[in-house]
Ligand code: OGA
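Shown here is one chain on its own, the form predicted alone, set out as structure tokens.
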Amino acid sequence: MSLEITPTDATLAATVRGVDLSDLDDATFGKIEAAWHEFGVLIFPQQNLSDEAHLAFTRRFGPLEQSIRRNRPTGISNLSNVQADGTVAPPSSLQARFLVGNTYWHSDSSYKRVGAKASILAAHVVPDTGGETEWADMRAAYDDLDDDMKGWLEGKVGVHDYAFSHTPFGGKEILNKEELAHLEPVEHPVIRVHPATGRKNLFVGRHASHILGEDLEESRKLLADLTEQGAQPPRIYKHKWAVGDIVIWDNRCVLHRGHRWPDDQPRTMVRTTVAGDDPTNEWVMAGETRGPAVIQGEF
């Protein structure tokens, strides 16, 4: 089959068919990477990749990113409400509460000095209803701003803070003191330029606490408003998962969020993350070429 790329009706995302991601030649990957830069999100229906193939596809885009649980070297994470005994975690559990945080718009790892380049999510178990993932195009969101707001935001710096965004959902409870010490607030420009396309985009989302040098509450509200206003049609795409689907998105210019599903239904997604391009990125996973093992139950 030949590669078939079908854009969605939104300003981002395309579905890709006619390719087996577990058997990918360089020429085909080049076309996929170019499409990823263009659309920001690529959906590959029902690939049913093994963990090893999932990792190999991820490494095409760059080195793996180290988990925030730094004492647990892993390149692949289970995002699941299923407990070790096979039962569904109750809504009050830390495992379930932490997942609720993912239902707010965010860019993966923006609370790190170098945020994630890409995330690649695979569906292993899906609920009967709900559990979709949605993406928002922050390139088009920037384009839609009026000139006065673009001018005011130019040069502004956002403070992204793990404690700010994760504490309400048990994020500090899952880490030890050493791990938390690696997650001090960091600074990122509110307006970024994509290194591959040259397009400007907003860099906001739930991890952005406030704007450096501006009133805390006023700038916090502005960042929330920019996120909410940006994540509106036609700049959003929502995907209903089928088992085996693979989706890759560009954290540098796209926000995403998960949708809730019935508390009594299992949902297991497996994610890999590509570390941000930076020769001094301390979050590149050490020795990741060794093919790290899956850490069961990581959430």
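Don't overthink the numbering: it's just position in the shown sequence, from 1. Owing to the predicted nature of the structure, the values given are computational and were not obtained by experimental measurement.
Only in words, not in the display: the form predicted in complex with this ligand, which the text now covers.
**Student:** Taking this ligand in the predicted complex, would H106, G258 and M269 all count as contacting it (heavy atom within 4.5 Å)?
**Tutor:** Verified in the predicted complex; spot residues all in contact, yes.
**Student:** Of these, 90-98, 126-134, 180-188, 139-147, which stretch puts a heavy atom within 4.5 angstroms of this ligand in the predicted complex?
**Tutor:** Stretch with heavy atoms near the partner: 126-134.
**Student:** Just to confirm, with a 4.5 Å cut-off on non-hydrogen atoms, which of L212, A224, A163, L79 contacts this ligand in the predicted complex?
**Tutor:** It is L79 that has a heavy atom within 4.5 Å of the partner.
**Student:** Which residue, V159, I174, A118, L121, has a heavy atom that falls within 4.5 Å of this ligand in the predicted complex?
**Tutor:** By the 4.5 Å criterion, the partner-contacting residue is L121.
**Student:** Using a 4.5 Å heavy atom cut-off, state whether W249 contacts this ligand in the predicted complex.
**Tutor:** Because a heavy atom of W249 falls inside 4.5 Å of this ligand in the predicted complex, the answer is yes.
**Student:** Can you work out whether N102 and this ligand are in contact in the predicted complex, taking contact to mean some heavy atom pair no more than 4.5 Å apart?
**Tutor:** Yes, N102 is a contact residue.
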